[in-house]
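Given next, in structure tokens, is a single chain: the form predicted alone.
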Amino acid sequence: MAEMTLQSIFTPEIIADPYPMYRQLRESNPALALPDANLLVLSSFELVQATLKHKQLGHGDDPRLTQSELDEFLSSPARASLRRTMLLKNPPDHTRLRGLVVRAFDARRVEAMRDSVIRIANDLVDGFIDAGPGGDLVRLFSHPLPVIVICDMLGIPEADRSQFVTGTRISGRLIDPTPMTPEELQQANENVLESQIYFESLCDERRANPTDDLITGLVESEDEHGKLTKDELTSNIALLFAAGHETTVNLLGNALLALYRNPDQLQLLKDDLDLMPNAVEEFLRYDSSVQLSARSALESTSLGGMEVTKGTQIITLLAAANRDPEVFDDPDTLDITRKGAKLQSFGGGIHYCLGAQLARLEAIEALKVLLQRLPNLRLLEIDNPDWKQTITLRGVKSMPVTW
């Protein structure tokens, strides 16, 4: 295969369809070393799974960076904020931060949200079904639905929600392995500073007037010595908001594209909506809304028979693992009746996605409502959708449809 660089995986052609490249990597070099970048790119199910569960593979900086280079890197408000989140923390800080919110996402609490998700989905359809023969389904449905759900969980007042429902979606570029342009970084910094101002104000309001929501719980934890700093508070609230909706937006869009590109599967699902939970597992496998996850060797260790030196940066291609023929029969085929699929879509180990069950529930109920309420739904750009230009978070910017 042609020599691969980080930049070679960040092209519009690869973003539009990364799966041929993933297949080529799995077949030719499932543990591709890029020495100049101090990087391993892993694409097999076995290696990806082993990495995500490996206790010596966590999050850390490239040891080749000088202190001044690291200081310059972290002078960006967006990068500094991301660095304070549980997403990039190792134990014990990761354990402390995750422990403050994990109960809000347990199975019982998520199941209790099902009726609310169904109501929100129907309310959204009610809002546009008679307005015209078509529109952008991302703007009308798949974006606002998970935004409203996470706003409910966090306790964002209804009067403030319009800015989130209609606001700019998360780009994903901040967590891409390839460098951001100065313009992208500036936009990310502006977005983070704006969200910090809002969430700091909301935290002040919750201190004065506590309610039964996740932000109130985090504010109360901040007041308990050593549990949460002020900067950690706002950074992790921003993370929960972003992670709590963007991947579900992408999941809904990717699922609909997969269905309408495979009309036999669409008809099968329309004929039996009880297949939806199983179908959502297949959508997650077939075209994951999170394509990759990064790790760093905290100590020199071994992985799949390889020696990995301390400081080595690792990219696990979750979406490549989800199509590994060693694990899945006919992996490039969408099969909503597939049973027992093991997924890497939500990561693994201590960083396994907190919102996995919530994302599943939202997708199941949202897609049911769409197929029931819009039986003549038709996607207008099946072959050439407008993909977001990021390799980490896979999803479309818009989805023109008629109904």
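Predicted model, so just to flag it, every value in this text is computed and none were measured. Start at 1 with the first residue shown and count on from there.
Keep in mind that the form predicted in complex with protoporphyrin IX containing FE is not shown, yet the notes after this line are about it.
Interface residue among 358, 334, 367, 41 relative to protoporphyrin IX containing FE in the model of the complex, by the heavy atom within 4.5 Å criterion: 358. The single contact residue among 84, 173, 285, 295, judged by any heavy atom lying within 4.5 Å of protoporphyrin IX containing FE in the model of the complex, is 295. Contact check for residue 142: every heavy atom lies farther than 4.5 Å from protoporphyrin IX containing FE in the model of the complex. Protoporphyrin IX containing FE in the model of the complex comes within 4.5 Å of no heavy atom belonging to residue 156. Proximity of residue 49 to protoporphyrin IX containing FE in the model of the complex falls outside the 4.5 Å heavy atom cutoff. At the 4.5 Å threshold, heavy atoms of residue 96 stay clear of protoporphyrin IX containing FE in the model of the complex, well away from it. Partner proximity in the model of the complex, defined as non-hydrogen atoms within 4.5 angstroms of protoporphyrin IX containing FE, places exactly one of 61-69, 340-348, 28-36, 374-382 at the interface: 340-348. Contact annotation for 121-156: a single residue, 150, has a non-hydrogen atom within 4.5 angstroms of protoporphyrin IX containing FE in the model of the complex.
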